[in-house]
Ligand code: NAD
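Before any questions on binding or motion, here is one chain by itself as structure tokens, the form predicted on its own.
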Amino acid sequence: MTILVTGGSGFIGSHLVDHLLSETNDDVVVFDDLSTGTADNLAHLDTDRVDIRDGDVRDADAVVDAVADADAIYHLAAAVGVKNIVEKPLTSLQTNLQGTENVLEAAAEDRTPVFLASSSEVYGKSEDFPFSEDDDRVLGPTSTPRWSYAAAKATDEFLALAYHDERDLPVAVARFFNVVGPRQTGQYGMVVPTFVEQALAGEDLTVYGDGTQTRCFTHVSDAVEITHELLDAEVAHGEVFNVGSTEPTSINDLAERVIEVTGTDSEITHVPFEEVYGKDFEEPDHRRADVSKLRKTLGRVPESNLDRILHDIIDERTNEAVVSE
């Protein structure tokens, strides 16, 4: 079989490629324009089972060519990161909307199974915790760019389910909750790698807002294993699943834990959101997943705790520093 991974040079995508090569005998085609991913994420691969293609999911013809020989598709290509979304809203919308429609339309020709990566951002600023897949969503105004990502991802889900219902396309959708781990960069506002990099450099850890907001951090290894299982499970087709940890951690506690684990003398400083993202920025206070549907369907949920996540990221960064010396 040949498996297509859009966004396969990205953080989650590259880990999924590793997983597929390790757990299957399939060949893998990576389709990525390297806008947020990097070739370094796949540089460790030494196999003729991977075909890496430079391509943009907004290019419908290129997507058709990539999909043509695929037996299954993992669609992870997207504009990601709060900073990226706020600074480049038009590009982000085009990538997340046009790109997804191109992939689904191409896949529908031969009913090639598709996994669609969505996000906990679709819940917006709802306060109905923990979030269940069928809960109402609460979004801010269209004048606030941050909510464009939530709206686009929700529309991606509508598209995927419509293709499933009207075109009989096998599609499984997962809403990822703060997936973190090795290879993730803080370049686009991701908090865990940012804190680790600041701590290892002996810098103060910069917490945006008052730091009382909570998130549930999911190890990337859990995310890619479940991603693989969802697409393989026919019962998951036409369904949406939360994929995330259920262990909430405040950003203040996260910063303190990073300082403790790294053993640095860093301090914690607080910066108002508006100084970073502008005066109209809105940040949800809490995010927590109800994963009962996932547990019922697959018999498992993400289980890696925050300490494992931090140690894996810190070990990676430390080893990189040693190699570069």
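In this text, residue numbers run from 1 along the sequence as written. What you see is a predicted model; the values in this text were computed from it and never measured.
Below, we turn to the form predicted together with the named molecule, even though it does not appear here.
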Stretch from 176-184, 139-147, 125-133, 248-256 whose residues place a heavy atom within 4.5 Å of the named molecule in the model of the complex: 176-184
With the partner left out here, check for me: in the model of the complex, does some heavy atom of Val103 sit within 4.5 Å of the named molecule? no
Even though the named molecule is not shown here, does Thr95 get within 4.5 Å of it in the model of the complex, heavy atoms only? yes
Within a 4.5 Å heavy atom cut-off, is Ala78 in contact with the named molecule in the model of the complex? yes
Does the named molecule come within 4.5 Å of any heavy atom of His286 in the model of the complex? no
Does every residue of Thr194, Ile268 and Ile314 put a non-hydrogen atom within 4.5 angstroms of the named molecule in the model of the complex? no
Going by the named molecule in the model of the complex, which residues of 1-35 come within 4.5 Å of it through any heavy atom? Gly7, Ser9, Gly10, Phe11, Ile12, Gly13, Phe31, Asp32, Asp33, Leu34, Ser35
